[in-house]
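Only one chain is shown below, in structure tokens, and it's the form predicted alone.
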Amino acid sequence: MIKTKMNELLGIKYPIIQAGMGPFSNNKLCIAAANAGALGLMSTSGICSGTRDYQKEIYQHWAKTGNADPNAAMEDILRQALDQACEGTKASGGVFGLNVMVSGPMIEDATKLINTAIAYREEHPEVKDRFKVIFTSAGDPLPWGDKIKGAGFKWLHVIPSVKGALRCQRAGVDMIVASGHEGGFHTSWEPVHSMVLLPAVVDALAGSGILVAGAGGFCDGKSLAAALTLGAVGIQMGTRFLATQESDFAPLWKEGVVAAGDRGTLVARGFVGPARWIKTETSKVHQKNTLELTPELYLDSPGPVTEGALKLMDYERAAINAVYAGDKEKAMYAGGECAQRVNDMPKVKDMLETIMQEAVNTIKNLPSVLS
């Protein structure tokens, strides 16, 4: 068995986080991951105003998988999903939390979501040992510390750089997830990959007491062992969890990840910048259009939201809607580089047990290389 400080901080069996993967629904996946011993995360951007207004299929799916009325207010939809998660993890004592995007355009919704989470936890003290994490992403952590930690949550934040990690240290984050460019869907503007980013962040935070987990490319026991060797206390996985039997993602999406194969992804425009997609004829067209309409995406510069970017986002919305409609010819689905190493669709519990046993075996074999 492998135990790290991440297990102690979060009270989980395995040093593994199921990624939020917003704006898509993880409501049922979160429960399955928590019950199996990982940290389960619910995404929340799927019920924010932008998704409600411009991505109705995603919004409706989020509410449905959260056992909520899509016509209710955002806060009430979240409460219904929290009720479901609390009930679903009651027997196992599994630990779960919320992933909340805190970028500038989403501050108002993020504040409402976090305030709702704080109120819910105070109203239901019996779930404090399970509903114990707020995971923030895609924005500045600095304004959120007093609110989140003051409410008793463990606070995690994801970053793509050493600069971001030092910002988290200043903010008082409990644990950082260093996300390399291998990750699926939202990727950083600068292509810094996990083999460089993770040890750099660990070194930068040495002595701070802040824990570091790795994300981007991690999908099995070998990569978990590698993360531990690089100084991390665990890993976050998105694409690997996506392709499981309990995953809320559309069947076509899950099947696309499993079928990806060697060199199976590409980077093109996404809702909030660069995104990694499973390579299909549709995504190849999207990549070509990205290069033509928004070449700045490949120049490490966000730049303004141009008319070309808006056209690409319209294309992306239509392609994701096609996934939910089961239209394989028009569909486009995101996934990390590790999709080429995802070859099956297991139950979450079986997957985690296999990963942990492989990690143990890998670590046990390491002394054999010492002379």
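The shown structure was predicted, so the numbers you read here are calculated from the model rather than taken from an experiment. We number the residues from 1 along the sequence you see.
Another form exists, predicted in complex with a small molecule; not displayed. Remarks below refer to it.
Asker: If we define contact as a non-hydrogen atom of the residue within 4.5 angstroms of the partner, is A359 a contact of the small molecule in the predicted complex?
Answerer: Residue-level check for A359: no, no contact with the small molecule.
Asker: Taking any heavy atom pair closer than or equal to 4.5 Å as contact, tell me whether M21 reaches the small molecule in the predicted complex.
Answerer: Output for M21 is yes: heavy atoms within 4.5 Å of the small molecule.
Asker: Is the gap between G336 and the small molecule in the predicted complex 4.5 Å or less for some heavy atom pair?
Answerer: Flag for G336 set to yes.
Asker: Using 4.5 Å between non-hydrogen atoms, is G183 touching the small molecule in the predicted complex?
Answerer: G183: contacts the small molecule in the predicted complex.
Asker: Quick one: from G217, P141, G94, P160, grab the residue that has a heavy atom within 4.5 Å of the small molecule in the predicted complex.
Answerer: That would be G217.
Asker: Just to be sure I understand the contacts: of T290, N99, T244, T89, which is the one whose heavy atoms reach within 4.5 angstroms of the small molecule in the predicted complex?
Answerer: Answer to the contact question: N99.
Asker: Work out which of the listed stretches, 233 to 241, 166 to 174, 261 to 269, 201 to 209, brings a heavy atom within 4.5 angstroms of the small molecule in the predicted complex.
Answerer: It is the stretch 233 to 241.
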